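Here you get one chain, nothing else, as C-alpha cells; it is the form predicted on its own.
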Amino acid sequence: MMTGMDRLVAAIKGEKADRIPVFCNLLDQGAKELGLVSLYDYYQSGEYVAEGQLKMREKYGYDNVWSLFYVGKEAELLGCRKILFSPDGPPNVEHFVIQSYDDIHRLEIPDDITHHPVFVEELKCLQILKREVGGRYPICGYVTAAMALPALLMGMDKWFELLFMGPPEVRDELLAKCSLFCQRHIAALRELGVDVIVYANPFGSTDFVPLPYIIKTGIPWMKQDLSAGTQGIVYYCGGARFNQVIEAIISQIGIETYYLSPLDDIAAGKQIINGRGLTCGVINDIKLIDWSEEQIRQEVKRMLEAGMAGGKFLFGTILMPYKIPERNIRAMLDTVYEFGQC
C-alpha cells in the first residue's frame, strides 16, 4: 500500500500512483479530537498537538501532518507577549512587538530557534511526528516571508504605511531582520526533519501589490529568504491569487511547488507551470462550513477535472476553519479519493 510520502514523490516526479496526494490542513480540530474544550490548553502541549495530528490523519486518511501550531507562534519567537485564543477560530496576535520605529532598531533575531523557550513544545511535537510517521507521511512546517512577517509584528495598516511610504532605511532594516529570521526558521525546520516547508507570502500576490513591485522589490527579498535553497519549499500567498506571478517566480527563484489560491484558475495555473513543478489545487475551505455535501462533491470533481490531466497535481486545503462539520470534511475527502485515482 502506498504511503503519503510515496504519493507526494510520485506527483513531484510525474509518475504513477494509486491516487493524487491530498493535503488536508486541519490544525485547531486536533483539540476537539482529543476532547479538549480549550484551544489554549491544546496549544500549550507539543504532545497534544502531535497526538491530534496523528489521530486526524489516521481518521480521515489524507497524506500529511503539521508541526505548525498557529501562525502567531513566529511573533512569539520575536517577543509577542499575548495571543488571543478564540473559542471557534484560529489564535491571533494580540500584542504587537513593534509599537514605534525604535522597536525596529531594538528587535533581536534569535540565533538558535530550536533551543528558544517558545519553540520547546513545537520541538516536542516534531520529535513525536518524526518518530511515528517520519518517512511515510510528509511533515509540514510553515514560515512567513520577510515581506509578510512585519504584519504580525506591527499590524497590517502600519506595515503597509512603512512599506510604501518609508522611511526606506527603517523599512529595509526591518526587512533585513525579518529575512534573517525566515532563513533561520527554515534552517531549524530542515534540521529537525520537516519535509515540506510552506513559504507564506501574501505580498507575493497581485491581490496585495502590483506585479512590477513584486518583480523589482519582492523577488530580491524572496531570494534572500530562500538563499539556502528551495528544496521542499511550497510557494503560498496566504489564499491570495498569484497565477500572474508564477512565471517570474519559476524563472528567477526556481521554486517547484505552487499552492494556488481558491480564486486562481487551476487549469491556467497548471498551464503556466507547464510541467516545471507541482500544481496544488486548493479548495475554498471557508465555504465548506455552509455547503451541502453535494455542492462539495461537485466542486471537488470540477477541481480534479481542471488539474489532474498530465499528472503533477495535488489536492489541498488552506487552514480549515474550526466550524466545518465533520460530514463536510468527509464529503470532500471521499470525493477526492474516488475521483483522484490515477
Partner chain sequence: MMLEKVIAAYSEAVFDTDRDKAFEVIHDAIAQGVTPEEIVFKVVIPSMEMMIKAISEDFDANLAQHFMASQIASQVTDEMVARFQTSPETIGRVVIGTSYADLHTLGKRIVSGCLRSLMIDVIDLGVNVSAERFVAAALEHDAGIIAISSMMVHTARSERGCLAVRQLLKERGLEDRIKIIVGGAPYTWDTELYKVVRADAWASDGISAGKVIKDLIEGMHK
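Note that the coordinates shown come from a computational prediction; the quantities given were computed from them, not determined experimentally. Positions refer to the first chain, counted from 1.
What comes next is about the form predicted together with the partner chain, which does not appear here.
Residues within 4.5 angstroms of the partner chain in the predicted complex, judged by any non-hydrogen atom, belong to 289-297 and to none of the other stretches in 308-316, 289-297, 271-279, 44-52.
In the predicted complex, at least one heavy atom of residue 284 sits within 4.5 Å of a heavy atom of the partner chain. Looking at residue 265, you'd find every heavy atom of it more than 4.5 angstroms from the partner chain in the predicted complex. Contact between residue 241 and the partner chain in the predicted complex is found at the 4.5 Å heavy atom cutoff. Although the partner is absent here, residue 157 sits close enough that one of its heavy atoms falls within 4.5 Å of the partner chain in the predicted complex. For the options 139, 226, 143, 93, the residue carrying a heavy atom within 4.5 angstroms of the partner chain in the predicted complex is 93. Only one of 127, 230, 183, 206 comes within 4.5 Å of the partner chain in the predicted complex through a heavy atom, and that residue is 206. Within 4.5 Å of the partner chain in the predicted complex, a heavy atom is found for all three of 89, 161 and 323.
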